[in-house]
Structure formats: C-alpha cells, structure tokens
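Quick setup: one chain, the form predicted alone, written in structure tokens, and binding and motion questions come after.
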C-alpha cells in the first residue's frame, strides 16, 4: 500500500494539473476600468463558466453596517436598469444558463454556467447589474426581511453557526473577522438606502474584481464582448484599505453558550494562523487532512472509533486575506460532560505536539490533496473556481500550477514546526455549547 501511495503521488506531481492545462494556457487581460480577466479555453464540452470574484466581504464593513456584503449577494439578482426584478434569472434560464453566489469574510463571488453561444447574453446581464443596479425601496425592505429570517433560522437550527459566531467574536478583538458574514441583527434592521448606495459604489467597482471565464470560448471574442459591455463602466476606485491588525493573543480565552434544545455537547477550538498566502499554508492544509479527513484520520480514529468520546470531528484551515483561524469542531457523545470531551481532545493535541505526525500520515494527506486538485481541474467549473481562488487568496493564479510541488515539499518537520508555532494554549479560544452550564 505504501508503494502504491508513493507511485500515485509521484504520478500526479509529474503531470500538469490537467493533461491539457498549464499556466501558459491561461490568458490574462486587464480592462481599462481596472477589472482583471482570466480566460482559459477548454472545448471538452460546449459550455462555459464565468466566476466574478468581488474583493469585498464582511472584513470591509464597519460597526453599524455589518452584513452589507452578504445583502448585496441578494440585491444583485433583484433588478437593474434593463432587467426588472425576476428577469435576471428568467433571461439567463432562457439562454440555457444558471447561476449562484456566495459571500465570505473576504469576497463575494457570482457564478454563471451557460452554453458557450450564450456568452453575449450573460455579459449583458452582468454589465447591467454592475453599472445600473436598482435600489428600489420595496425590494430593499423585502430582502432585508429575507436576510433577517435567514439569520434567525440559521442560529436556531445550526448549533455550529451559533457557537462559531461567539467564538470568532471572542478570538478577534479588533479585526472585522470578529463579526458574522450575515451581520448583526440591529445593523441589518438599520441600513439606509444611502448606506447601500455608498457601499455599492465603493466596492462594486470593476477595478475591485477578478473575472474568470473558462470553457468553449474564443478568448479574443470574450475580450471584445467585455470591452464593449463592461469596460465602459468606470469610476474612480476609492476602496478603504483595512489597516486594523489583530493584536497577538497572549492567553487562552473561553466562552460558554447555553442551548437547552441540544443533547450533545459541542466543542470548538480556534487557533490563530497566518493569511492564506503565507508559506505555512500548505503544511497547515495537510495537517487538517491528517487530523480529520476520513475515518482513518488522527482525531476521528481516536475520539470517534476508539474512545467513543465524539460522534463527529472536523478540522478546518481557515483561508483568509488576513490572518485567520484554524478551527476544530467536536460533537461529543450524548450526555457527556464537555470537560471530558475537551480533555480527550487536549490529549490528542498534546501527543501531536510531542511526537508530530508520521511519514505515512503525511504521504496519505498529500495524495488526498493532490488527487483533489487533479479532479478539480478536470471540469471547467473546477478550473474557474481554482484559478480565481489562487488569484485572490494565494498570490496569483500561476501558483495553482505550483501547488503540487509545494504540497510535495512539505516534510514531517514542517508539520511539527507549524504545530509548535500555532497550536499552543495561549494562542487559542475555546467555545463550548451545551444544554447546561457545567459545575
């Protein structure tokens, strides 16, 4: 088995991420209004994807206007100069396309999937909402209600959302990562039309976006369409640079959330880590795989299979434009005291700090990440998303094609170093959610 794993890893590293894709295949272009465009021709199917990464998320908000980034994810589908409410989706669907969007702490991303011959229609839709979004009072108030309902439903039905909100607001004292992407309820209720217009004019500026087009397209025709329809949308970009740097944490922080309706204790442990473009990203990412990816992972095997302390475990390497959190999520067995779950977790972290990980564990994690990258690059959708993520978060799309080499270069000594650097008690915040306060 070990020899097979070695051969698989070597094979993937030796090949490009896709047999037909290399960084030279990506065309990079900048419109006169500042929008960066990445184009990758892929004729495997007669379709195309368009991802538009707007570099605006909850980190760009201020107290009093939290949640605006997420709100625009809703408003961008609710009418513009030439496309009244409801017609964005119907027009796209009539052209054979579909769409989606998501908002994070750092970005708001809009995705379109469509037959290649519909590209002109898709660009018209995008240009109209970028250049002439409607700020209708009725729609604003309607979507405000939708967001408030989404927020209350999420907190009510998802214990992790409630616990994560409190943990992040405790782990971050100064940085905007401290508030939830969806925003605080009083802020959502208080936004004004002037707040929305100012935020849109500031951040939904083409100079603040990266557009990625992948599929069965002619790059020169793509550029011509964008120059005709989107390039004329131009205004001075006056985005406010984020100057706040989270101060170093110098002692463990703890928070307890009471939720009488649950029967299983929930434990979240968060450690401060660097931004995604830091050199330690690849070691931390592999560590998350080693710890919780699959039944044979370190924490799952110990806490779930052997000790029966937990029902679920997870580890997530937070990828942010600014220093983020590496988080652990543990759902304890029913009826257990949270302190027992925490004690078992601490024992595993202590063993990692003392002994590190094995070569076999690291090799297996590399194989998983490399296979994941390879599979992602097999589809036009995967290529578009990966190119955009690397461009925005990981130092440039070119680094996507260096990722296999960088994963392969991580050693067990690197894993032990990042463990000792970041996974210490003075650098962590512990959150517990349970039906009662433990005595």
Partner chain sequence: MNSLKKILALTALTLSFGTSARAEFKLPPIQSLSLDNGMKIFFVPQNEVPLVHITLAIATGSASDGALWGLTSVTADALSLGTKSYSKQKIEDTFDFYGIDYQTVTNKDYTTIEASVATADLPKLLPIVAELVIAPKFPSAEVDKLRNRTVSQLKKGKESPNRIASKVFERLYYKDHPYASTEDGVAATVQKLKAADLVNFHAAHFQPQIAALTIAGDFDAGQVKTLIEQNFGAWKKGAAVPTQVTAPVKPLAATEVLLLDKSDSHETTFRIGGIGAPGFNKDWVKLTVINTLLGGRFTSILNEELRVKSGYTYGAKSMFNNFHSSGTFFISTFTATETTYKTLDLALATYKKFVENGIDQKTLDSAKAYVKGQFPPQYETLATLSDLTTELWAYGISIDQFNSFESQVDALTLDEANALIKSKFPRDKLEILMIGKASVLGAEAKKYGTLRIVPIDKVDTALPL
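What you see is a predicted model; the values in this text were computed from it and never measured. Positions refer to the first chain, counted from 1.
Unshown form predicted in complex with the partner chain; subsequent notes refer to it.
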| query | With a 4.5 Å heavy atom cut-off, would you call residue 119 a contact of the partner chain in the model of the complex? | reply | yes
| 4.5 Å heavy atom contact, residue 60 to the partner chain in the model of the complex | no
| said: Please determine whether residue 169 contacts the partner chain in the model of the complex, using a 4.5 Å cut-off between heavy atoms. | reply: no
| query | Going by a heavy atom distance of 4.5 Å, is residue 405 a contact of the partner chain in the model of the complex? | reply | no
| field | The unique member of 228, 358, 142, 339 whose heavy atoms fall within 4.5 Å of the partner chain in the model of the complex | value | 142
| said: Can you pick out, from 238, 346, 201, 305, the residue that has a heavy atom within 4.5 Å of the partner chain in the model of the complex? | reply: 305
| message | Each of 97, 368 and 375 within 4.5 Å of the partner chain in the model of the complex, by any heavy atom, yes or no? | response | yes
| request: Specify the contacting stretch among 169-177, 326-334, 201-209, 243-251, defined as having any heavy atom within 4.5 Å of the partner chain in the model of the complex. | output: 326-334
| message | Can you list, in sequence order, the residues from 35-56 that come within 4.5 Å of the partner chain in the model of the complex, counting heavy atoms only? | response | 42, 43, 44, 45, 46, 47
